[in-house]
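Heads up, the chain below is alone and in the form predicted on its own; it's given as structure tokens.
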Amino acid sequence: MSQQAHYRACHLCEAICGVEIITEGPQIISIKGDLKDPLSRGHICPKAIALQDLHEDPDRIRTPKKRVGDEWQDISWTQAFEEIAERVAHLQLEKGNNAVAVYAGNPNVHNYGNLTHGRVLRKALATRNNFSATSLDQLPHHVMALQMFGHQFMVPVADIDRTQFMLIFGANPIASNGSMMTVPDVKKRLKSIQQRGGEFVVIDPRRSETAELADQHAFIKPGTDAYVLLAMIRLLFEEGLVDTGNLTQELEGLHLIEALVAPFTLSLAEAQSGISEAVIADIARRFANADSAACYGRMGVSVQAYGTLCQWAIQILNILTGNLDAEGGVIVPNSAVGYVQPGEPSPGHLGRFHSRVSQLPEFGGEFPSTVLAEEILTTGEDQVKALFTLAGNPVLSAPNGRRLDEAFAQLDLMVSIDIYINETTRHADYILPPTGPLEHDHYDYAFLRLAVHNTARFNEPVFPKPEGALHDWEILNGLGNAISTKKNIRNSTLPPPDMLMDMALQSGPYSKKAGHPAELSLAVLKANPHGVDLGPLQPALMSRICTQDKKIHLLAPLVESEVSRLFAQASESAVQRFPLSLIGRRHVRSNNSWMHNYHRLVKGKPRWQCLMHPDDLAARGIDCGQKVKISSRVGEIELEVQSSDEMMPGVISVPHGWGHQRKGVVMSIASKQGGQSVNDLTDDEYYDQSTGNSALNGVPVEVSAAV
């Protein structure tokens, strides 16, 4: 049997590195980086090698499952669709459409069939109770894109390959390979900044892998980034460093910014953040005076109590220094599919309606996931009684996971489209497993529109679809059709996602229709398995702006209210019951909970311990390696602690996604791992008040020796 080479992108994180997979019949012989991929340039991390573990995993579900008592029974697709549709139709007839909720997890954006066909199921359910992982990690980016540029997907990314100064708040791209910024081979790209005479600076409560390589690292108290950012903006006005360049005439509200940030002095920023006035001022001046500069912030600033304000301030810093829509600054990528321009659908909306219990605003038709548990547990009209989860594990990824555990156990019906029996799906009545990632085609719709270099590639399946299996889009079509039929409503199914991508490619900016020499189509991408290089990012924001007046809106009511709230908080006395601050931690071998059942990724030293500064340990009489109790308002966990001077005093770090020992989980490797779920500590009542986005960083905690 001869060997065959397959070229595609690894889908296990946002970097989408190109890989070469050598197979011999049904066996994978090797996986290595694709040297001809124009975006990743041969780079891969250990996750790509683990694609083999995922494909061969004996714990992966391959047939539909139905819960009967405490047992799981294999059933046919026909039976599954029929029974689920019957129960949904009966429940919604009795309780109303909003009695059913949908939660879409992080893996959905790694699989284009879920992205293109999720709407088929949602249309059939016709519920307003929609939730997703968006409000657990990236909602502030989209809210600011909508407010400033008129569309939720007009998210600028750093032009890292041409910048001379990169300022990074609360991000560790060397471990994440970028997030909300698709940047494979990021270590080499960051070093290239230094090699061409530039620099990059990291502001983070932990001296992370990225901070270790930076020209400068400054420790910052979690949740105080907004004070530093606003002080930097104030300094630009004070010292005459504002230069908005070619965008000056396109800015609406510029004259209001100086007065808005006036209270945020360098001394206030130092008092709140722990970074000295001199350091803040020096970084701001170097950023403003650089030939080109890009400010980028991720989880540390997005997933905190002022996440939306931080993302606004980051864009203001880029705008005031002339670095928005400029080479070496931050640019909205020119993607082949999803190229946002005036008239594009789904621009987004905020606060058209509010959640039933806590009255938090929807965004783009989704409620913040922080309120999912209370919508299930609180009685009354429109109480959620049934839940569909699409490739999501909110018990481990959302705040106050124990409360979600409790809520899911009380549902009348739960259906999960998933490949594992995990901490969430163990509560399901039906689990519907799609094909594995190497068994279907794929186009990286979400991440190519956030890439630091414009490319396009189509991923052919490596292996044929197993007999009796269904792709995710086929499951969604089947469920949507069955439920619509039972409810006697019209709900057209959609054609395969490759057809939808082909239509998008042939009407996009690189198509024959647009007069572009690439003349992109699905056929062209199939003929170029390594991908097509579409060139560096190109400034074109004002030709694509989606606001009604074609201006960049620098202010919005929610920004003004958040600035007022932030300033008022500075004078409030701190609560001492939980004197430490909890932050997360990323590792290159661990993305989310669904990465922990692969031997190649979990082997080696354990990575789930709590990291804590030696002074904080000494003050509590705790030794390195000792088991400690970590407590928050909502719960407590016990975990081994490691002494580390990479932590800022007063801050502890625990990575998310661990804690697989719950009863009923069928993930043999993961269940043998240690660790606890950090989201048994994070607080579902601690969130960004402007959007409801979860605040998973800066959570008040205390640590004591375990008894």
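From 1 onward, residues are counted along the sequence shown. Keep in mind the model is a prediction, meaning the values are calculated, not measured.
Another form, the form predicted together with a small molecule, is not on view; read the next lines as being about it.
Taking non-hydrogen atoms only, residue 656 approaches the small molecule to within 4.5 angstroms in the predicted complex. Proximity of residue 586 to the small molecule in the predicted complex falls within the 4.5 Å heavy atom cutoff.
Taking the partner from elsewhere, residue 497 is found to have every heavy atom lying beyond 4.5 Å of the small molecule in the predicted complex.
Interface membership of residue 430, defined by any non-hydrogen atom within 4.5 Å of the small molecule in the predicted complex, is ruled out. Taking the partner from elsewhere, every residue among 137, 222 and 679 has a non-hydrogen atom within 4.5 angstroms of the small molecule in the predicted complex. Residues with any non-hydrogen atom within 4.5 angstroms of the small molecule in the predicted complex fall in just one of 255 to 263, 358 to 366, 117 to 125, 389 to 397: 389 to 397. Contact annotation: of the candidates 376, 190, 537, 299, the single residue with a non-hydrogen atom within 4.5 angstroms of the small molecule in the predicted complex is 299. Screening 329, 150, 107, 333 for any heavy atom within 4.5 Å of the small molecule in the predicted complex leaves a single hit, 107.
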